[in-house]
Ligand SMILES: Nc1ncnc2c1ncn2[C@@H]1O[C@H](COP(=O)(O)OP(=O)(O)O)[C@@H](O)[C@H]1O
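Encoded as structure tokens, the following chain is the form predicted alone, with no partner shown.
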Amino acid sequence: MPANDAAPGRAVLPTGRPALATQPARDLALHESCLVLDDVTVAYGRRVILSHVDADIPRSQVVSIIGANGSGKSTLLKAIAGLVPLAGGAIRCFGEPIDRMRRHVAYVPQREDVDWSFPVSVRDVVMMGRYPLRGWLRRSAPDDERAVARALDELAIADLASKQIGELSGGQQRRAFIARAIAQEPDVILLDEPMAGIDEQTHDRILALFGEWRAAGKVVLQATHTHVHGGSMIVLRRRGEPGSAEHAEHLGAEGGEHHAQHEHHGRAD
């Protein structure tokens, strides 16, 4: 099937109404179209990984990106985070090109993408969340110290602040990187498989954070295989793969999620 024959790729509000059209970013606090993906295509060399992905996501949404292994879930998050370049299309945040709005976007990677042997403490990791606001070379200010302390407390890891990040359990490591995202004070939070390899307490805390972030007007995108939460879904499928509407409806039934489908080529996750 040609990519253009794919079902329209638009995130849908819980009420079933399409998200609002993009408007100029005059007031970030009031802007409805927070994150817009416009015909996004990603390629590694000559191999197209994602093609023609569209979504218009307003504030106060938790969006689950689902699909089979290798369907490009992680690649889509990395494209939004600026870690992989676009081969086509555009991404806008509050009406501005995403490259101008990086400080508003925080990214929590998969465990497999982190070098846990790197000699940094938990506090150092969380302080990295302040770099987009103050730069890499400037010393931390009192505001930075307070933001880091709040983030450590919010994830209940203040007692681990001096430990090397590799000494922590999987759940504690996930908490540390989520605390880093919180310290950044973002409007958009990207999480890659946040529920994988964690304890029940961390799982419940992440679920609570989803609700808190939505209430605070933030946009949350999580790549996931099974843990679907929130009001919207983006379903990725490989080129020629049968539609996965029944699977998507099954995953979303408990939370009332809606879904859209997007064509995927090649293999990457």
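In case it trips you up, residue 1 is the first one in the sequence shown, and so on. Predicted model only: the values in this text are computed from it and were never measured.
The same protein has a further form, the form predicted in complex with this ligand, not shown here; the description that follows concerns it.
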Quiz item: With this ligand left out of view, which of 49, 209, 220, 34 would have a heavy atom within 4.5 Å of it in the predicted bound form?
Solution: 49
Quiz item: Quick one: which of 212 to 220, 55 to 63, 40 to 48, 198 to 206 gets within 4.5 Å of this ligand in the predicted bound form, going by heavy atoms?
Solution: 40 to 48
Quiz prompt | is_contact(residue 226, this ligand) in the predicted bound form, heavy atom dist at most 4.5 Å | solution = no
Self-check item: Contact test in the predicted bound form: residue 74 vs this ligand, heavy atoms, 4.5 Å
Solution: yes
